[in-house]
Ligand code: SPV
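In the form predicted on its own, a lone chain appears below as structure tokens.
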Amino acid sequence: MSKAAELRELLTRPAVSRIVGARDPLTARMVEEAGFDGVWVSSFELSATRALPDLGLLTMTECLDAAALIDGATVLPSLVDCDTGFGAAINLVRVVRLCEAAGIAGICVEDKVFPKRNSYLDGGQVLEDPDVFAQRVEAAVRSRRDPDFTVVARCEALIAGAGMDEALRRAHHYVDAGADAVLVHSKRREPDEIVEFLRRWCRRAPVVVVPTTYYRWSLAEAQDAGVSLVIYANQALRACVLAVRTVLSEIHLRGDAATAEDSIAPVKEVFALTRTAEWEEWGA
């Protein structure tokens, strides 16, 4: 089964699927090792890795080059976060063709104007005209060569404060344009907006959610509500920031790395993740 077919199966199977954000190939390999279903190539994480804010600053080349490396490090399918699509419909067509050529399973594009702002930033969330965005979705779908390649339309109406009716109107419009699934986003502390959306959506197409703020919502509750795919979008990056800061502060304060040793992975674990033994066989 191709990775594109695997991702499509994850979106359509009865059980809810789970994918995790990765910013580099090593993180993707740890996602695979942990037993998740796929990788989310997160624009937030890719931006942060470059010490850049998540404000639409990544270029198409930066995003897709990173996505190809990440995807190549794991057997899991990758869904690539393409922000607003790097331009007009014609640019999104090129994104689809480059992703398909690299063996990437699918893309997600959001309905905000360029340059987008991270959804968790206060204010300044400007939505794209839904007809214009639907045209981009239609172009992406029509241009794919592999019918299994997935196009996810991300609806930011709840993030922008446009209301539930507008979120549903947009989501239906994007599915009419050919989107294989919709990602509906909310930054409330509880999943009430998502639950209402799913109740009124009536499972017309697969729904993807990102429970960053409503993190106590269980997988079972998400499945009962009608979610197809859950993305843990940035937990790996945030874990890394906290762990690295803690260890480096301890080394700096103590003047040695003795106590830090209990908080970090043995070098042998890094050898295992990078499959050093397999590579050494080629040089034997």
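Everything quoted here is computed from the prediction, not taken from an experiment. Numbers follow the displayed sequence, beginning with 1.
If you look for the form predicted in complex with ligand SPV, you will not find it shown, but the lines that follow are about it.
Visitor: Kindly indicate whether 54, 119 and 233 are, all three, within 4.5 angstroms of ligand SPV in the model of the complex, using heavy atoms.
Guide: Result yes, every residue of the spot touches ligand SPV.
Visitor: Under a 4.5 angstroms heavy atom criterion, identify the one residue in 81, 111, 180, 71 near ligand SPV in the model of the complex.
Guide: By the 4.5 Å criterion, the partner-contacting residue is 81.
Visitor: In the model of the complex, does residue 95 have a heavy atom within 4.5 Å of ligand SPV?
Guide: Residue 95: no contact with ligand SPV in the model of the complex.
Visitor: With heavy atoms only and a cut-off of 4.5 Å, decide whether residue 137 touches ligand SPV in the model of the complex.
Guide: Residue-level check for residue 137: no, no contact with ligand SPV.
Visitor: Given that ligand SPV is not shown alongside this chain, does residue 210 nevertheless sit within 4.5 Å of it in the model of the complex, heavy atom to heavy atom?
Guide: It does: once ligand SPV is placed as it appears in the model of the complex, residue 210 has a heavy atom within 4.5 Å of it.
Visitor: Find out whether any non-hydrogen atom of residue 170 is located within 4.5 angstroms of ligand SPV in the model of the complex, and reply yes or no.
Guide: Answer no; every heavy atom of residue 170 is more than 4.5 Å from ligand SPV in the model of the complex.
Visitor: Residues in which of 86-94, 119-127, 72-80, 198-206 have heavy atoms within 4.5 Å of ligand SPV in the model of the complex?
Guide: Stretch with heavy atoms near the partner: 119-127.
Visitor: Though the partner is not shown here, which residues of 35-63 have a heavy atom within 4.5 Å of ligand SPV in the model of the complex?
Guide: Read in sequence order, the residues that approach ligand SPV (within 4.5 Å, in the model of the complex) are 40, 42, 43, 44, 54.
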